[in-house]
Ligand code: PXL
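Only one chain is included here, represented as structure tokens and corresponding to the form predicted alone.
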């Protein structure tokens, strides 16, 4: 028996920024994936005093340091079971990450890309069409992508619409999958019921479409997208099916929001992860997914 292999903990390379205040990016990714049993190896893209939804913040760009970190990891001959990318600050960082994936990807490496570009129908500040074009190239390397509604339209290069039918969404999911990723997950899809929100997914390998609808609480917490994608990443690495991974992530977000909602609290700090992290190791109680 190979004891070293039996005891090996799976490693996740997490390419995200680090904010000192506010539960977003690495301060979400690391505790979630660690709780789920994985070693998180951060490849930080930037260090911020606090995330950008505060009125001011300090910002240290680590673009020049990223290739140095990658070069040292190459010397260590490290192997990653997953590569998980989030917010990338420039087209140059996208190029660095693309090269990183090509160097470290193995046959069974899960490549999870959250193609962060914008929200509410608009690109984020300092992003332009060049960033969109680079992101289209990057997602071609992905196994799984998790765009929101805004990012879906920018990646496809079509005008933004707030409301879509199931058939329209299925068509767009399939078009994104044709760009390279095997699985496409669309988050924060509005429903006819203002008290609910949905997640749609398409697995091209089985040609199946999934939908999860959950309760929506009237409060905004930064970092919920990072939280959702982190739980999906961990669940897939644990061997869950796609619908179960989606269900676990959606329920965990709802638990976190409910644990936070009743407090007199600065929402910019994000959901109170510390109160619900233990739930990641509890068997899922209900199944809210449906095949569409």
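Residue numbers count along the first chain shown, from 1. Just so it is clear, the model here is predicted, and its values are computed rather than measured.
Just so it is clear, the following notes concern the form predicted together with the ligand, a form of the same protein that is not shown.
Novice: Each of 19, 24 and 116 within 4.5 Å of the ligand in the predicted bound form, by any heavy atom, yes or no?
Specialist: Contact check passed for all of 19, 24 and 116.
Novice: Please pick, from 53, 63, 238, 241, the one residue with any non-hydrogen atom lying within 4.5 angstroms of the ligand in the predicted bound form.
Specialist: Exactly one residue meets the criterion: 53.
Novice: Just to confirm, with a 4.5 Å cut-off on non-hydrogen atoms, which of 172, 87, 154, 209 contacts the ligand in the predicted bound form?
Specialist: The residue from 172, 87, 154, 209 that makes the contact is 87.
Novice: If contact means a heavy atom within 4.5 Å, which one of 29-37, 44-52, 230-238, 253-261 is the stretch that engages the ligand in the predicted bound form?
Specialist: Heavy atoms within 4.5 Å of the ligand in the predicted bound form occur in 44-52.
Novice: According to a 4.5 angstroms non-hydrogen atom cut-off, is residue 226 in contact with the ligand in the predicted bound form?
Specialist: Yes, residue 226 lies within 4.5 Å of the ligand in the predicted bound form.
Novice: Are any of the heavy atoms in residue 104 no more than 4.5 Å from a heavy atom of the ligand in the predicted bound form?
Specialist: Residue 104: no contact with the ligand in the predicted bound form.
Novice: So in the predicted bound form, is the ligand close enough to residue 124 to count as touching (4.5 Å, heavy atoms)?
Specialist: So residue 124 counts as contacting the ligand.
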